[in-house]
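Quick setup: one chain, the form predicted on its own, written in structure tokens, and binding and motion questions come after.
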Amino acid sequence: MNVAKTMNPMGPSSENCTPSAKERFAHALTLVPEIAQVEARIRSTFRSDVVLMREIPDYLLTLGGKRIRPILSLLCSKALGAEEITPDIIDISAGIELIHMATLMHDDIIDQSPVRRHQPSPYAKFGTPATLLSGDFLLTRAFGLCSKLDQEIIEATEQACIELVEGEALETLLHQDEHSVQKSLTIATRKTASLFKLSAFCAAHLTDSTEETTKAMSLFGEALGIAFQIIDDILDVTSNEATLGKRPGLDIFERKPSLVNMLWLESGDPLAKRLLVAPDPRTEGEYVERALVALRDGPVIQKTKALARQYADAATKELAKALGNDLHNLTPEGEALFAVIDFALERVL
């Protein structure tokens, strides 16, 4: 492991042989073969006499995804000394992913999104009522798994779900409500980072870590989750449809209070002011294209990247603390957790 690279994940490597963060992340996946058990546990919860309650979750699961939340809980458990992945860790990992899947279904309904991961979204394929009920079904199944664990896990899961819903409720459109950069960070903390934090907390708690270690690991998960959301906001502008699985500029088109949009408004660019007006279907396509060109060639994206770096640095600091600040004697799983931070950042560099 290149320790200097880990502690400064944004720094370029001078060694041609140094593996990329993407390669290191791919290696991290080989350290947690138990992810197959988590996926099997997830599928086991789809049982129902109602065909759609089986079919819709199965459809979403087969669309793929990074499974970053259960991977995080598995890696954290091993990095903190778990000699084996217990059924409790499998259950909470599956439960957290089920919660995430439910939120994806509900998000697609709220956003009326026709596409997810290059395919018709569950909302587009199965309709609003069935998709909404399927999301509710998964949330219930998730709590069925979590309820078998101890009280602290139950309370932490409840709190994460409350924060997630609050974050969704706060994410009103720019032409409907007043927003700020700080409010957007609050939304990211609650809507996205809550489940990252829960994944890391549960791993620490279930491996009987000290209170100090559990707190540091939780803060690591939270900071990483915020960084992931900021990076997703950047990719909405800088990436393309083939990579995103949806057309770029949707946050602009939908008037979302993303970090990019808020920093753009804060910059005073006259073009950004149109974000405060409801979209006009007749001219919106042209406006989004102009906005993407302006943002890609301007300083706002660089400023947003700097913000992502700040949270990635915070995640690195808390992870190092959780692992005893002994970066020269990390386990492969500990190294892999740093690779997750690097991988998140590499997506926009």
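Just count from 1 along the sequence shown to find any residue number. Quick caveat: nothing in here was measured; it's all calculated off a predicted structure.
What follows is about the form predicted together with ligand FPP, which we do not show.
Using a 4.5 angstroms threshold between heavy atoms, D107 counts as touching ligand FPP in the model of the complex. Although the partner is absent here, S218 is not a contact residue: none of its heavy atoms lies within 4.5 angstroms of ligand FPP in the model of the complex.
Residue contact check for T189: none of its heavy atoms lie within 4.5 Å of ligand FPP in the model of the complex.
Although the partner is absent from this view, E222 stays clear of ligand FPP in the model of the complex, with no non-hydrogen atom inside 4.5 angstroms. Contact with ligand FPP in the model of the complex, judged as any non-hydrogen atom within 4.5 angstroms, is confined among 259-267, 156-164, 70-78, 88-96 to 156-164.
Think of it this way: in the model of the complex, ligand FPP has a heavy atom of just one of T103, S184, T207, T238 within 4.5 Å, and the residue is T103. Checking K125, K246, H175, K148 against ligand FPP in the model of the complex, a heavy atom within 4.5 Å turns up for just one residue: K246. When contacts are defined as a non-hydrogen atom within 4.5 Å, none of H27, V38 and E84 contacts ligand FPP in the model of the complex.
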